[in-house]
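Single chain ahead, by itself, as structure tokens, in the form predicted alone.
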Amino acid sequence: MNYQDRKTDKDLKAGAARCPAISTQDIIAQDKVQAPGWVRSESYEYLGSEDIDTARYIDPAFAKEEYDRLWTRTWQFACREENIPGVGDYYVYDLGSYSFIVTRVSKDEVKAYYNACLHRGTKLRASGTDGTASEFKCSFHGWSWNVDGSNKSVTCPWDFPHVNRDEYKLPEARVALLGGFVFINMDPDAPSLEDYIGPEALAHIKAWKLEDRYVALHVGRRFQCNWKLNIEAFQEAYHVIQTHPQVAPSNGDANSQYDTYGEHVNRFISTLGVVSPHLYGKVSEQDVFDQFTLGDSSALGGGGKPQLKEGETAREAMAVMFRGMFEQAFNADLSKVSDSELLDCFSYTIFPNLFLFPGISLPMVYRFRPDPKDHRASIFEVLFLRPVPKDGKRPEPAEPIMLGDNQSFTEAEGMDPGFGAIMDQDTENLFLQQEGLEASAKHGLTLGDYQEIRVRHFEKAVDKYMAMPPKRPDWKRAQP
């Protein structure tokens, strides 16, 4: 009996059904270089089967409330530490109308200042900029602040006897550092980043040592959809067979694994080098291998079209091939990296807007932000993190490439054409989904209990924050 003829057990309790094909963990268990514990774990919880109200994606009032209820309380990825390596280096991070100057104050301390002069509110640094500063001076009237946030000068101080300069320090958001990332949070009462992420997911992140990676490529683009639709498009592999059929012959899509960790973190593991369950009996192991070697000798250094050995699987051969290719390309020692880490797609969401992909073949970070001028649009960024070379010399982080609304991801210099085409396919879907939700007579999203659990888990967190009262930053509470 092939996969297409098999049925899930309808007598299983809600949320217990799984793809009847081989499981992700059984695939990984067959690898020669075994995976670490963070790969071999499972953490699924059934969260219900009710529809998700579509108003959250199409109502401008909902989007407005998100800024004062959700974004002001959550930990957000602002920049990488490599963006601010020296004292005085700064990076401007924007979220809607909020703007922050993230700067290194000392070797081991980073601060994030609200990006506004305390005189008449002018931004101290323009959005989208970075650089090095010995002070942050307002371009309007010349008030200035030291890198540590203390007031340096007030122009014509005789006219401001009511201003106590010791009290006019730049207000700060909270800052936390993890894995080479700089996170900020506007809420002085929020839990620590460690508690926010939770012990199990935190252990995973620390195991990856992402601080030993550098940004090799950074590409951004505006999508014509609400920021939550943007995120949720990448939280499941359920769409692969229809949206990305070109990768299905070598992607375990329907039998991907989905996990949730606490309130703010979820993930999937999607295996590569295996046939999609949708295509069992239609694609051979050699076909899978051919897809990754382009059916010729280019990936293996010559010698004709590469062939699998008798009894060898495509996944086995690809693990050997990828290890050699990546070690040479990155000048890095990957001998202790498992086959799964080399091959598979690991995707972790850290609520509300960060995706981490700790694998080697897909070493990415996604960041999603709402467009402050249009609730029907969002800003997407992808950063490729490569291992720091064996000599320890960290390359400079890549400058961001911001594409136009109608540009293809394949047009970004340094972007793999195949990956760029996949991103373009997702873009087309998102535009149609945003318009479809607004046109629909059905006012809810119907989700799968397992394959779309990350979407439900994510929206459950949205509901939690949207049920809280508005919380705007307060100058006095934001002072250091």
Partner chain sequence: MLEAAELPEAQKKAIEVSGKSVLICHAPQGWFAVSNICSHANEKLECGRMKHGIIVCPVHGARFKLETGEAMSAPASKPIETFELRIVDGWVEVRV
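Everything quoted here is computed from the prediction, not taken from an experiment. Residue numbers count along the first chain shown, from 1.
Just so it is clear, the following notes concern the form predicted together with the partner chain, a form of the same protein that is not shown.
Exactly one residue in 198, 96, 128, 191 has a non-hydrogen atom within 4.5 Å of the partner chain in the predicted bound form; which is it? Result of the distance check: 128.
Pick from 203, 308, 398, 325: which has a non-hydrogen atom within 4.5 Å of the partner chain in the predicted bound form? Looking at 203, 308, 398, 325 one by one, just 398 meets the 4.5 Å heavy-atom criterion.
Identify whether the partner chain in the predicted bound form is within 4.5 Å of every residue in the set 147, 152 and 168, based on non-hydrogen atoms. Spot residues vs the partner chain: no contact at all.
For the interface check, one of 136-144, 244-252, 176-184, 367-375 should have non-hydrogen atoms within 4.5 Å of the partner chain in the predicted bound form; which one? After filtering at 4.5 Å, what remains is 136-144.
Is there a heavy atom of residue 361 no more than 4.5 Å from a heavy atom of the partner chain in the predicted bound form? No, residue 361 stays farther than 4.5 Å from the partner chain in the predicted bound form.
Should residue 83 be counted as a contact of the partner chain in the predicted bound form, where contact means heavy atoms within 4.5 Å? Flag for residue 83 set to yes.
Residue-level question: is residue 132 within 4.5 Å of the partner chain in the predicted bound form, judged on heavy atoms? Yes.
Contact between residue 341 and the partner chain in the predicted bound form at 4.5 Å, heavy atoms? Answer no; every heavy atom of residue 341 is more than 4.5 Å from the partner chain in the predicted bound form.
Go through 29-54 residue by residue and record those having a heavy atom within 4.5 Å of the partner chain in the predicted bound form; state none if no residue qualifies. Nothing in this stretch is in contact.
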